[in-house]
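Only one chain is shown below, in structure tokens, and it's the form predicted on its own.
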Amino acid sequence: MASTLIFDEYELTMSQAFWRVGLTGPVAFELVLRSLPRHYGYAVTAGLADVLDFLTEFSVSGPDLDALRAAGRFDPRFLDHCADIRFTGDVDAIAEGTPVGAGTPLLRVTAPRIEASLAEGALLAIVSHQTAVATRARRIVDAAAGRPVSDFSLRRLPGVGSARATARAAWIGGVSATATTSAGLDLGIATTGTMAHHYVLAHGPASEQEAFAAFLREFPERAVLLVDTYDPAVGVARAIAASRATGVALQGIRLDSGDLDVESRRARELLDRAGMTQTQIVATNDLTEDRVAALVAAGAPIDAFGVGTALATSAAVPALSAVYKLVAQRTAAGWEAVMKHSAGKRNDPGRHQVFRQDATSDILGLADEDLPGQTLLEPVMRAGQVLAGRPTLDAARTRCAASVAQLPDEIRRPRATRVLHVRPSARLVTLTRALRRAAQST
């Protein structure tokens, strides 16, 4: 992952100002999930592996520095300083695939101020995006109640650059396969794909059966046919006929339009009448967790779902409320906690640890506290080097499935009536109050 100039410009302007006055010592930033979207009871952490890759490759190329010099907005001596910059700090993070609540720091960066400042934009982009996708995927997978869900998001993404990350995060969330071929080759994720409507249209309306037969002969191991280019019931009948004519067992049919409940029942009846009781019905068409849950609750005979738009983007949840905030800085006297006081945007001061009490509640304490429960923030990088024993993608996927399964139904359901609760420790409350009083007295 190229990291050259993946910065907000204000990260560069602030860094030059820090460099000018010598404010370059160690600081701690935390990337925090400030709030949960409406109806969400939890979020699933994702993106850490790509964060570590980004920080490992952290640098500014010579040509990019030359372009900045030519623009004339920065001190050439500061740009010379940037030529030597690498990430030399520490990262502590919550393992990917972990369900978390609002107010949870997903990772902490401890590093020289300029390094930590320049990382802000990229780290937020990586973690916010992948956490949103992993969470949405898990919610849809849960709504499907054991029926496989495939990731069909590529064509709905805001740009091809996010394809791999989206497929990766969806896999953590529990999808059974992705249609993004490169993600399958790069990450070892199972891939899937059948046909589009234009395949059928290319053969003409009178030749739908011949189109199906040609596809079955070409890909007998992927014998799933899209049957609703014209009339879904006629399409199912022609898929049955094509299977009999070619001798290729019809693994499944896909429905991509109309009333999926009604059409799936009609398709199931036709397939069963033809003796094809093992042929599966796959549903697509702008599915969300609410629509999937409704189809499952109605008893629609759908065996699997393909989801695209809801994984790629969401009108209801276009972005997670994640922030990257300074929480402490090193002074001559030691580490000093800092806190933003802005209305509605206050952050918790100090370096933190998250203590998991049980499946429904966490305590947010200070990093040096010893409180009951499992500690979630663990060291993953020291002095710019990734620590040994880095968890695999499949380990994150397994963790997600197992951990979310422990959550109560009120937290897991698509319209959650309860959230995974995060409460501050007594010491953190005391520190917060002290800093508030200090700010009010100045």
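Keep in mind the model is a prediction, meaning the values are calculated, not measured. Don't overthink the numbering: it's just position in the shown sequence, from 1.
One more form of this protein exists, namely the form predicted together with another copy of the chain; it is left out here, but the text below deals with it.
In the predicted complex, residue 143 stays away from another copy of the chain, with no heavy atom inside 4.5 Å.
Although the partner is absent from this view, residue 320 contacts another copy of the chain in the predicted complex, with a non-hydrogen atom inside 4.5 angstroms.
Among heavy atoms of residue 277, none comes within 4.5 Å of another copy of the chain in the predicted complex. In the predicted complex, at least one heavy atom of residue 64 sits within 4.5 Å of another copy of the chain. Of the residues given (154, 187, 366, 293), 154 alone sits with a heavy atom within 4.5 Å of another copy of the chain in the predicted complex. For the residues 147, 351, 265, 113, the 4.5 Å heavy atom test against another copy of the chain in the predicted complex is passed only by 113. Figure note: of the listed segments 245-253, 158-166, 81-89, 367-375, the one touching another copy of the chain in the predicted complex, with heavy atoms no more than 4.5 Å away, is 158-166.
Each of 5, 73 and 195 is positioned with at least one heavy atom within 4.5 Å of another copy of the chain in the predicted complex. Annotation for 14-52: interface residues with another copy of the chain in the predicted complex are 14, 16, 17, 18, 20, 23, 29 [heavy atom within 4.5 Å].
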